[in-house]
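Here we start with a single chain on its own, the form predicted alone, put down as structure tokens.
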């Protein structure tokens, strides 16, 4: 199929959950998808408006793309759940970028509001396809294929984030590695079990990929962009893997499992992301992991409220036997500070394992 032009997708916000779906849809319609570059060591953040770091990165990445793409894809995200809403800044994101770019690039900003049938995911993409010259049949076929492949992509998420370098998580052309086979219990010649290696016998591996079996199962909870954007978290996941941690994230939980943790709250959480975070935190803190890390954005009002809520709820419950680490992130966060705290957190988990042995 002849290339019709370029669709630019900023590497920010919900890119870190839905990019495979978006990319496949546009490519099926004959458009080339390009993404923005990361900040890297010399990148400069654009301070267009005083907001949280993820929103500043959206503007920065959009500015990087505006002269290289025919259209920017920035859907107006109102709700990604049938009953709850997104942070209000998501619905205003296309307008912020339009102001920042001074109208110099076309923005595909169809509304997605899953509470309303006319703004369902399918209908939104059909309208987007129509703006690009595709008829309803072509748009529906492209969306259905994208949805099917995206579902398959999600099934291998845990293996993907534990066996690939961070920069390759969302490169859908790179297949998800098969899970490593279980290693047999080492035995001596006489059949006696060999002494288990020390918890300290862990060597950092480049990009966080490890050949040996992880020593800890650790849940990392937060907004997808806090978890997977290395410009936000300084690639803390790679360092965690180098410390012998197997990463677990909320993507592996069902809505039923999350609802079970928030159904008895005295007040409803109306933000879909907040509901997912709180439900995931209490699910993981109830067992099945060795530790939980909550990544938050410093200027995020939702995160600030969730932190206080979690602290009070744990106090009422008498705390948690599973270690919990809260890491607050902004543009001034340094990798050294994050890694020092993560190393100390690993020591806490190690001591807990020894005391429970």
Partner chain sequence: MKVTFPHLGTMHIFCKAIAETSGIPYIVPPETSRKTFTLGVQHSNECICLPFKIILGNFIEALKMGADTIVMVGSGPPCRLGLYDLVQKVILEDMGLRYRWLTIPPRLTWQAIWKNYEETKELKKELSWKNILLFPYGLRMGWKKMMACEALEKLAMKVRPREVKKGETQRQLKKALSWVDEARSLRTLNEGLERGRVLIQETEQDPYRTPLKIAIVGELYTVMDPHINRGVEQKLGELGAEVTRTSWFSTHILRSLRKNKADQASERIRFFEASKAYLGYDVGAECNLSIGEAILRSQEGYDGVVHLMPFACMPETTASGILTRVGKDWDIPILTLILDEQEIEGRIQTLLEAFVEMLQWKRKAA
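Residue numbers count along the first chain shown, from 1. Computed from a prediction, not measured in an experiment: that's the story for all the values here.
The following text describes the form predicted in complex with its partner chain, which does not appear among the structures shown.
Check your understanding: Is residue 34 close enough to touch its partner chain in the model of the complex, meaning at least one heavy atom pair within 4.5 Å?
Key -> Residue 34: no contact with its partner chain in the model of the complex.
Check your understanding: Quick one: does residue 308 come within 4.5 Å of its partner chain in the model of the complex, counting heavy atoms only?
Key -> Within the cut-off, so yes.
Exercise for review: Determine whether any heavy atom of residue 256 comes within 4.5 Å of a heavy atom of its partner chain in the model of the complex, and answer yes or no.
Suggested key: The answer is no: residue 256 has no heavy atom within 4.5 Å of its partner chain.
Review point. Though only this chain appears here, would residue 76 touch its partner chain in the model of the complex if you measure heavy atom gaps against 4.5 Å?
Key: Within the cut-off, so yes.
**Study point:** Contact residue in the model of the complex, from 143, 228, 216, 271 (heavy atom within 4.5 Å of its partner chain)
**Key:** Checking each option against its partner chain in the model of the complex, the one that comes within 4.5 Å is 271.
Exercise for review: Check each of 246, 91, 234, 81 and return the one that places a heavy atom within 4.5 angstroms of its partner chain in the model of the complex.
Suggested key: Spelling it out, the residue with a heavy atom inside the cut-off is 91.
Review point. Picking from 150-158, 169-177, 107-115, 131-139, which part of the chain touches its partner chain in the model of the complex when contact means heavy atoms within 4.5 Å?
Key: In short, 107-115.
Practice item. Sequence order please: the residues of 89-105 with a heavy atom within 4.5 Å of its partner chain in the model of the complex. Key: Residues within 4.5 Å: 89, 91, 92, 95, 96, 99, 102.
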